[in-house]
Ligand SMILES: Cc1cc2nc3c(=O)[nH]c(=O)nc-3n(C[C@H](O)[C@H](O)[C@H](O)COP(=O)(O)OP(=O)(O)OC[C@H]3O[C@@H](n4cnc5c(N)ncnc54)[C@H](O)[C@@H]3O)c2cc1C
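Next up: a single chain in C-alpha cells, the form predicted alone.
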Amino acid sequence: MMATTERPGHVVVIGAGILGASIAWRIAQRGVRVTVIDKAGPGSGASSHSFAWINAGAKEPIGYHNLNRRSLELWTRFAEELAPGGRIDEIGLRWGGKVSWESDPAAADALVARVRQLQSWGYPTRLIDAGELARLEPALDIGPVAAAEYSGNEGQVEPQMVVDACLRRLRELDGRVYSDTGVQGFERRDDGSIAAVNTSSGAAEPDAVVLAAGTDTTGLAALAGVNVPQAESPGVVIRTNPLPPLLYNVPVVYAPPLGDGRREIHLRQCADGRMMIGEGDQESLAEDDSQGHADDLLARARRYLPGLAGAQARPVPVGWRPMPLDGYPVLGFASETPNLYVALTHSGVTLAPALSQLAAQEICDGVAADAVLGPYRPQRFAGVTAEQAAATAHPRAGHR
C-alpha cells in the first residue's frame, strides 16, 4: 500500500477503457480530484472489441470464480447508479442468461462435468434438455443436442455506453478527461514514487497514479520500474448491420461446431441491433479479420439463427486484449513505485464493478483488501522474467 493512509487530493488515471473509466468515477465519487488520460479515444482499445458477456462460469480456481461472481452480482446496482435515471438499458445491460449445447458426445461429457463443478460451487447453472432449450430461445435452430446447459444469471452490456456514462458522471464531479494524449514518462522521487506524469499535453502532478492502460500497461509500468508481463492475446469478432430483435429471451448463445473442423461460435445482439459473432470460446486466439472470414462466421451463425438471413457481415480489425501473463488480474500498489496503482485484467467487463469498488477503497482509504485481492498483487512479478512467468502460468491462462 501507499506509505500514507491520507486520502489523495489528486489522482491521475491512465487509460479510459471500461476498467479505467470505472475506477476514475468511483474515486471521484469519494471527493477526490481525478484526471483521466487516454492515448486515443475513451473505450477505443480492448473495450471496443469485447464480447461483453457478464459471467463467472469459465473462471477457475474457486477464488477467482468467486471474485467474478461478486462482480456479476454488483452489476445491476452499479448500472442503476451510473445510468441516467437508473435505467440499466441506457448502458445496454441485459439479463436473461446464456445457453450452450454440444452435439458431439465427448464434448457433451465435458460440458456436463463443467456444469456439475459449477453447481458444487453454488453457481446457478443447470443441465437442460433439447425441449427446454428450444422453449428458452425459440429463435434458434438447435439441431442435434447431446447435452445443453442454461446459466440464468448471466448477461451482457455495452462497454462503450458504460465508458461514456462513467466519464459523464466524472465530469459532473469536476473530473477532467484528456483524449489523444500519450504518456511520455514519469518523474520520480528518491523513494521511487511518481512526482509527475509527463504527457504530450504537458505534465500533471498527482498524489497517486492509476495505470489502467490495457495492453500498454506493460510498457508504461516499465517506465516506472515495475514489471507487469503480458501474453499476446489477439481476438476477432464480427458485427452485422443493425437488425430487428432476433434473440428474445436469452441474450448470449454458444453453439457447437458444425462438424466440419471449424470451431464453435458465440453470438449476442447489441443494443443497437447489430449482432456480434465470434468463434471458439470467448478468449480464443485469432487474427483473421478478413471479409471472407467474416462472411464464413455469419454463415455458420445463420445455421443456428435463421433470422440472420439477409444480414451483412462487417469485419472488425483484430483486437489485442489485456492478458496478464499468468491469466489473472493485476491490482494494487507497486512496491517499487509506492503511489502507482496497477489495474490490469482480462474479463474487464465482468470485473469492472468489483475491481473499481475495491481499487477506490484501497486508494482513498488506504485499507488493503488482501482477503480478496491478495493473490493478484503486482509484486508477484517482481524480478520475474517473461520466460519465468510463462513457465509458471496457469495452463488455462488464455481462458480467464
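Heads up: residue numbers just count along the shown sequence, starting at 1. What you see is a predicted model, and the numbers here were worked out from it, not measured in a lab.
In what follows, reference is made to the form predicted in complex with this ligand, a form of this protein that is not presented.
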query = So in the model of the complex, does Val237 come within 4.5 Å of this ligand, heavy atom to heavy atom?
reply = yes
query = Is there a heavy atom of Phe51 lying 4.5 Å or less from a heavy atom of this ligand in the model of the complex?
reply = yes
message = Taking this ligand as it sits in the model of the complex, is Ile14 near enough to touch it, meaning that at least one heavy atom pair lies within 4.5 angstroms?
response = yes
ask   = Do Pro353 and this ligand share at least one heavy atom pair within 4.5 Å in the model of the complex?
value = no
ask   = Ok, Ala56, Ala359, Ile37, Val34: which has a heavy atom sitting within 4.5 Å of this ligand in the model of the complex?
value = Ile37
inquiry  = Using a 4.5 Å heavy atom cut-off, which residue among Asn66, Ser335, Ser44, Gln29 comes into contact with this ligand in the model of the complex?
reply    = Ser44
key: Partner-facing stretch of 208-216, 143-151, 111-119, 168-176, counted where any non-hydrogen atom is within 4.5 angstroms of this ligand in the model of the complex   = 208-216
ask   = Each of Lys98, Pro256 and Gly273 near this ligand in the model of the complex, meaning some heavy atom within 4.5 Å?
value = no
inquiry  = Given a 4.5 Å distance limit between heavy atoms, list every residue of 168-191 close to this ligand in the model of the complex, or none if there are none.
reply    = Thr181, Gly182, Val183
